[in-house]
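Just one chain is shown here, as structure tokens, and it is the form predicted on its own.
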Amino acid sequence: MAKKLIAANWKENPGSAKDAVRLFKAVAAVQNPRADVLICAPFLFLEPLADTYRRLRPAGRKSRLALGAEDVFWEEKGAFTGGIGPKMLASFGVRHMLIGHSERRKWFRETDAMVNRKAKQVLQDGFTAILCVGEPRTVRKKGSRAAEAFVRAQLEKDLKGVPKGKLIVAYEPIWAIGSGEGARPEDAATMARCIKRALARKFGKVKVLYGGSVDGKTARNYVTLKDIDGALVGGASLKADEFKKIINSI
């Protein structure tokens, strides 16, 4: 059976590098051969976490734990104040980069055109893009067909003209994020199949993660399903014991 991917999105957390390292070490201690674990941390914590990772990882041994970025800019360098490009992130050992998260779209006014530019740059540089898509509640209320059409349209716009490369999709219905109300597992699995069909011709087999109020109690309902390849975890990833339960739910 293929390993599942459990990805943490720390968002604007925790409060200090010391707390970030402590949390990272706690997660690194979890060993589940059925799971790969990815920690997507704020930019300013990547250097201390990368140093910690190097000390924890046995020489010559492949680790199931990796470090990722919560966002990325579409230019490598230049007059782009605050911009951090893929190759800058790679200097800390980062290979996975989140793009298009609904909070970036909402609070930072990122458009599909901007997400598309990020996807192009990440894949062109040979890294893995984790593209976040998902419908708002108003669309979900119209039924599964409307939700699937919304997500397919997102995929088409966000991936228009991008080169074939390493792509993971995180399906996060907007109405579920941080609400404590997750999508029904069967609906999440149906959406995962829809996403895989939409991308199969160009990208082949694409992993689809589920995200949206995943915690230690509900994770198993999603990650054990055939069509769902793991989870993207927000708030619960900041609680070491809770995140351990999610990893071990596989």
Ligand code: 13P
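Don't overthink the numbering: it's just position in the shown sequence, from 1. Quantities reported herein were computed from a predicted structural model and do not represent experimental measurements.
This next part talks about the form predicted in complex with the named molecule, which is not shown.
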Discussion item. Looking at 170 to 178, 110 to 118, 86 to 94, 135 to 143, which stretch has residues with any non-hydrogen atom within 4.5 Å of the named molecule in the predicted bound form?
Written reply: 170 to 178
Fill in: Single option in 214, 209, 39, 191 placed near the named molecule in the predicted bound form, where near means a heavy atom within 4.5 Å
214
Worksheet item: Does at least one non-hydrogen atom of residue 239 fall within 4.5 angstroms of the named molecule in the predicted bound form?
Response: no
Worksheet item: Is there any non-hydrogen atom of residue 11 lying within 4.5 Å of the named molecule in the predicted bound form?
Response: yes
Worksheet item: So in the predicted bound form, does residue 148 come within 4.5 Å of the named molecule, heavy atom to heavy atom?
Response: no
Practice prompt. Find out whether any non-hydrogen atom of residue 103 is located within 4.5 angstroms of the named molecule in the predicted bound form, and reply yes or no.
Written response: yes
Worksheet item: So which residues in 221 to 250, when you check the named molecule in the predicted bound form, have a heavy atom no farther than 4.5 Å from it?
Response: 232, 233, 234, 235
